[in-house]
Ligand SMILES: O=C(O)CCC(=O)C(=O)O
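Form predicted alone, single chain, as structure tokens, below.
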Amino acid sequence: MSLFGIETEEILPYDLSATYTPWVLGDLDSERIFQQLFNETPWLSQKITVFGKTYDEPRRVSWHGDPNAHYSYSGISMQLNPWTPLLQELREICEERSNHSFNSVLVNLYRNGQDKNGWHSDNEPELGTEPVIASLSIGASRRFKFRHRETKVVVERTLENGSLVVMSGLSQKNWEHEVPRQANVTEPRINLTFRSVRTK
């Protein structure tokens, strides 16, 4: 079994359940998708508090989903927006590729390589103990890293335009992941993380 081209049985703990597919959009035009997402999405600039200090989150975000698919992270309660036809279309692609159904998506805009998302796990209670998360990349290629909580083993690869990472199993419990800052990246990237949250 391999993950990101690395033989997991040789150097990695067995509990990283993640797959990478370099292109999942078929005949769709990724540039058109990017522009439509960029123009139609109600982007928010959030503030996060880390170790008692409050900062502007270094990316733009928007939360979409079924009614009652409420979600919060880092003390932020996300404003729920409805599905758009394009988000529905992309959800269907990710559901087919992951063999899993999703009721929500966090849309992230990384304006350039200065925008980032630090080490974290998507382990909020409303996601359950072993969530399946499908992460679709549109636009500029960006590095993506996994780090094991105990061994500190790091796995990374570049996520290309139109690619999909599906995380499942213990990937959120035993691993963290990040999109690090890359000063040499000047173009934007939109990342859609489809997930299923417990509704109230």
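Start at 1 and count along the sequence shown; that's the residue number. These numbers were taken from a predicted model, which means no experiment stands behind them.
Not pictured, yet referred to below: the form predicted together with this ligand.
This ligand is not drawn, but in the predicted complex it has no heavy atom within 4.5 Å of residue 115.
Taking non-hydrogen atoms only, residue 102 never approaches this ligand to within 4.5 angstroms in the predicted complex. In the predicted complex, this ligand lies farther than 4.5 Å from every heavy atom of residue 16. For the chain shown alone, residue 196 is not a contact residue for this ligand in the predicted complex, no non-hydrogen atom being within 4.5 angstroms.
Although this ligand is not shown here, in the predicted complex the stretch 140-164 places heavy atoms of 144, 159 within 4.5 Å of it, in sequence order.
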